[in-house]
Structure formats: C-alpha cells, structure tokens
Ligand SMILES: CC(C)(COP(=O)(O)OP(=O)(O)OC[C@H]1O[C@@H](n2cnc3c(N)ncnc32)[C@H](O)[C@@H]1OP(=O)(O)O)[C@@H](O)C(=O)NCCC(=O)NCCS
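Given as structure tokens, the chain that follows is alone and in the form predicted alone.
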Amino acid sequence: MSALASAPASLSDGPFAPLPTPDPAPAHAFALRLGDGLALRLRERHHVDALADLLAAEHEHLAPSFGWAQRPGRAEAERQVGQGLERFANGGGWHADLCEDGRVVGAMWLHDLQRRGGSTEVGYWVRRDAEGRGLVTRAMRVLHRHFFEGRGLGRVCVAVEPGHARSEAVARRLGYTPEAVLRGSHVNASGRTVDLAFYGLLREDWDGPGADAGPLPLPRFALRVDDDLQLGLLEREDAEALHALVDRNRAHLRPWMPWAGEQDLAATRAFLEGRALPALARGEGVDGGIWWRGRLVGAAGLHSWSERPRRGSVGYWLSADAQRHGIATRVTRALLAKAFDDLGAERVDLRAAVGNAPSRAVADRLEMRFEGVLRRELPVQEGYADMAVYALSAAEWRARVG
C-alpha cells in the first residue's frame, strides 16, 4: 500500500469527543460533527445529482441572494461540488451540506482558509423550511471552536450585502465586530454593483465554549466507523504528523510496506499534495487517518476508484500498539459499506502479500472471496512477493448484510 498521511501535530493526540448517537450526519458521510444534532457533510462527486435537485427545489428562495441560484441545474451543482473539492485539496476551504439529524437543511462553505494564526471567511444558506430556527448560529458557535482551537486560526469573518437582515442578525448574535464596508466591490444576484460589509471575530475576543463543553469534536471531516473509531480525511497540513507516526513504526511496517523504510517528510508531503488529495478532488479515491479512542493509530482508504465499472481497492495500515483490537476489520467494513451502499460499487477487492497473515485474516473475517494469487506482484522489503487477492461483488455484499 502507498504511503499515507495523518493529522497535524496539534491533532495527533486526543482527547476528542466521543461520537454522538445517533449520528447527525447522513450515512457513510465524511462529516464534521458539530453536536446538537448538526453536522457538515463534505460534498463528494456522487452528491451532484442530489444537490441539483435541492437547488432546483430552493430556486425561488435562493435566487434573490445568490447569482448562481438563478441558473439551477446539474451543471451548477457539478461546478459547486468540483470547486469545493478543489478548495479542500488545495487547503483553501471546502463546500459542505449542513445537516440536521441526517437531513440536508442548507449549506456552508469556507473561502480563503489560511494557516495557523490566519483567517477564513464563512458563507452559508438554509432551505426555506429550516429558516428562523437558528441553525446557522448554532453551527457557527461550534465551528468557532473548530477554527480557533482545532485549527489555531486568529480570525473568522462573514461578508454580507448591507441591508441583508438575516445575515447581519447572525453576525450580531455571534458577537462579530463590523470591520469595513468595501464600496462597489460586489455584484449581487440582481447584477447590480453593491457594497460588501465585513464582520469579524478575533480569537482573543471569542468567549470560548464554556467550562462544561467537554472534549473537542474531531476537527475534520470523518467517516464514522463506530462510537470510538473514525476515519478522518487527510489534509495538506497532515504531513508532519504522519511522518512522525511512520517514523515510530518503521520496523513494524517495513516487512510488507517497503516505502516505510525510507519515506521522509518530503515524500509524505508529495504523496498528500500530488496523489491523495488530487484523487479525492477527481473522485478517484479517499485516504484517511484512523482515530481510535481519540488517538491517531494508522491510515486507510479506498483506492483506484473507477466509475466504469464501479470498482476499487481497500487498504490500511496500523501502528504496532493498535494491533489486535479489530480496528482494521472495523475500518475495512466501513469502507466496504461506503463503496457499496454510497458509491454503488460493483466490486471491491483487498490485496495482501501471501505471507501477510494479519491482512489476510481481515479479508477472511469479512467473508471476502479468495480469488487467487498474482505471482511476484507486490514490492516488499526482500524484492517482490506473491499477492493474494480477495474481493466482494455487490450481490455478495447485499447477501452478507442481509
């Protein structure tokens, strides 16, 4: 399996809050869980059609505020999803669906996300039947902790057209300070050139979450595996923490993953920026860090995803101190569920060196069908090893999940 990255150094150790039950995010989502029944689901390529339907249904509600809402359709939905994924891959922000108890009730996005000490700009909308319930205010209060504690930002801002009462009210309720009015800097939904007012909140002016807030929710988009296990999407800032994790486990990983013996920080960064994140943006796979009981213990992903036919491969690695807790089996099962139940996979395989008994045991426990051995297929420490191939078809998956 190729090298994978992990969390920023500030996020590599807990404590993080246990996952809420029930999960406020839709099933199989990479979501930022906010508590209070709210979550943000990162938009992926296969969400385009659902977003197009939502934008069409909310056309009259959104068109007076957003120029893009005046051209509803699949092309606009595809543009928004693609733009959001490119931002995520470049480290400059994201587009996400705002969800309440698993239902999409609106959207939130980040512009110009900067590194520690910097700032970001937040945008949002909620569907007509969800207005007036303070959903954005509730979400933003939790996001402040994500921004200031989890990411170490120094400022969060919102930009509104003067006179937009609802957006200005959100800023006031959150304690944002009016900062500037940029004259004639914005073209609004009607095509007129108008002013744009900025409201901002500095970290030193943030009241904080309160003494009873408990652990910080995992500050990244993550796939829920179970109450104590999550697969969090990797980001550009994760290179240093992954390098440290691999460095502590070189002897453990090297026999079956020769990249672990020589991988340095530059190679880890190149993997993230040149392979893992572009693959996510193109819809060709996902790579995530494994958080178990609030601690980063490895990485896993769905790789080489193909649309025609819909197929891919699952892979993973774990630190030595996380072995024999069923983590690999549970994470792989969650990835299989995402592939078959969310992405509509027709086939997913797992490949391991013939002598890698722990990985082959995972395939056996998940009742994946052994399909044979590809000889001298897998680079290992000693040269090349024979590779055992296991797989499930969509029909076999359906039969196993009942």
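The structure presented is a predicted model; accordingly, all values stated were derived computationally and were not measured. Throughout, we count residues from 1 along the sequence that is shown.
The same protein also exists as the form predicted in complex with this ligand; that form is not shown, yet it is the one meant from here on.
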- Output flag, A107, G134 and A139 jointly within 4.5 Å of this ligand in the predicted bound form, heavy atom basis: no
- Item | Selected contact from R220, H95, R330, R145, since only one has a non-hydrogen atom within 4.5 angstroms of this ligand in the predicted bound form | R330
- Answer key, this ligand contact in the predicted bound form at 4.5 Å (heavy atoms) among R128, R71, R192, R324: the residue is R324
- Task: Answer with yes or no whether P358 is in contact with this ligand in the predicted bound form, where contact means some heavy atom within 4.5 Å.
- Result: yes
- Item | Touches this ligand in the predicted bound form: L42 (any heavy atom, 4.5 Å) | no
- Message: I'd like to know whether A345 contacts this ligand in the predicted bound form, with contact meaning heavy atoms within 4.5 angstroms.
- Response: no
- Message: I'd like to know if Y316 sits close to this ligand in the predicted bound form, meaning any non-hydrogen atom pair within 4.5 angstroms.
- Response: yes
- Query: Since the chain is shown here on its own, which stretch among 247-255, 280-288, 266-274, 77-85 would lie within 4.5 Å of this ligand in the predicted bound form, judged by heavy atoms?
  - Reply: 247-255
- Residues in 343-373 that come within 4.5 Å of this ligand in the predicted bound form by at least one heavy atom, in order, are R351, A352, N356, P358, S359, V362, R365
